[in-house]
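Before any questions on binding or motion, here is one chain by itself as structure tokens, the form predicted on its own.
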Amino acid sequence: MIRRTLGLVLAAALSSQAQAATEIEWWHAMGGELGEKVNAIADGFNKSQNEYLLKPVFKGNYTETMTAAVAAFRAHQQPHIVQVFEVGTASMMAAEGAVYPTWELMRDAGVTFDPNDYLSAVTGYYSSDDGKMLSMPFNSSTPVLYYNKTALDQVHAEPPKTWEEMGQVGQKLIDAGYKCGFTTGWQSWVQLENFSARHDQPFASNNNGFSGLDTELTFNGAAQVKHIDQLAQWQKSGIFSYGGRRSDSAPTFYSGECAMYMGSSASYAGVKNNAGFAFGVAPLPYWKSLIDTPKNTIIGGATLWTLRGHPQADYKGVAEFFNYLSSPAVQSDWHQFTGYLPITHAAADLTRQQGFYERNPGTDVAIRQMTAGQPSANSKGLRLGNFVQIRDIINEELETVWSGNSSAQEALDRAAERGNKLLRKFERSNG
């Protein structure tokens, strides 16, 4: 009886404590194991203090999560935090009255915050023109080259550093009996967006959209056309094989059908779990004929945006969570578990000190690739309205190249023309 009474008292005390804590709602798009890790991060924050109770809520994929947040804001039922993928950045920036910029949030909350602690190649994408962080980086990735070590050893080849070498090694693999030399995931992101950044070529005017809404797409320039045209030629010979718009082609790498695969650095765990052979990770290749020293690649993934409309006292909890999320221990654990980039220099240093990169060769390639030099206007990232729809257009037009129905120039010209109409629509809506 005494034990039961004590148990009821304890339960009531814990319940009272939970009710007293200020609830912070976080909508996210991380399912499966990533969703479980998000829950673990929230649990860790909740246990680290007793003033706030962070509640993560899975809302579907990136598009569904962003759409739900917009609808919720209009209904005055928005969460405090929402995870938004990188192509939604311009749309979030345009919603000025809805967004509480991270730099302002941290300042108002009095939480110690130094933007220089974060990787500039990551934060630059999500900062204003004067360098102020608008959202909190969370799951950032960049494309890399995965290669089958057994296959390359068989043809006595090193991982290609240039596209010129990609063609040579690819032909050796075809001659050795492989069905394809290489394939790619996320063709717009890898073969146009990151290709342009790596070769210091503009993807769009106005500093890739950073300097204004009256932006025109320029990814139909000579360098991009040359690259897509070469891929089309390699498609005919089998050196290159197109396998789908997202990561649909990854299984052809897992099976050994394709000896090389260009995909997200966050795919490392998937490759490790599915490839039945020794594999390596290398930087994305570059055309030596176009640039001597390639620029950094740009990121994918998502950040955490703070939405206005809640009591000001709540936002101290959001700031405290962002501070917790940025800590070296939390970030290095997230980085090592997921393959996403660590968002701070301290987290990368801690991961290195713990021997993770030594035990898992290649997992530091993405960081080195993104931090090799100061980003240029062309490699800082992209900030384009209606970018989700523009990517769909790019994918549609590239598929006409792979099928042999269009030349690279024709397809990219059409994609730019169609995409510019969407940019003008966005400009009219947000000008």
Partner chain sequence: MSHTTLPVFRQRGLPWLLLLPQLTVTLLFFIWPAGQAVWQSFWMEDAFGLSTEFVGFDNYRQLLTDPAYYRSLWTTLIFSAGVTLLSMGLSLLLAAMADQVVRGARFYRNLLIWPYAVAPAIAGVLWLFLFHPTVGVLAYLLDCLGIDWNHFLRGDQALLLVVIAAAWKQISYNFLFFLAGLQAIPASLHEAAAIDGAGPLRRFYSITFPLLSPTTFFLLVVNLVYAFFDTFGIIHAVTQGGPGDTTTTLVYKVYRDGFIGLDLGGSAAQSVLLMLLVGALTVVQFRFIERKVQY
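Positions refer to the first chain, counted from 1. Values in this document were obtained by computation on a predicted structure and should not be read as measured data.
As for the form predicted in complex with the partner chain, it is not shown, yet the points below apply to it.
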Specify the contacting stretch among 368-376, 42-50, 383-391, 26-34, defined as having any heavy atom within 4.5 Å of the partner chain in the predicted bound form.
383-391
Would you say all of Asn116, Leu134 and Leu341 touch the partner chain in the predicted bound form, counting a heavy atom within 4.5 Å as a touch?
no
Here the chain is shown alone; which of Ala204, Leu325, Met92, Leu231 has a heavy atom within 4.5 Å of the partner chain in the predicted bound form?
Met92
Is there a heavy atom of Val70 no more than 4.5 Å from a heavy atom of the partner chain in the predicted bound form?
yes
Would Asp175 show up as a contact with the partner chain in the predicted bound form if we use heavy atoms at 4.5 Å?
no
Would Tyr242 sit within 4.5 Å of the partner chain in the predicted bound form, counting heavy atoms only?
yes
Is it the case that His156, even though its partner is missing from this view, gets within 4.5 Å of the partner chain in the predicted bound form, heavy atoms only?
no
Pick out the residues of 229-260 whose heavy atoms come within 4.5 Å of the partner chain in the predicted bound form.
Gln235, Tyr242, Arg245, Arg246, Thr252
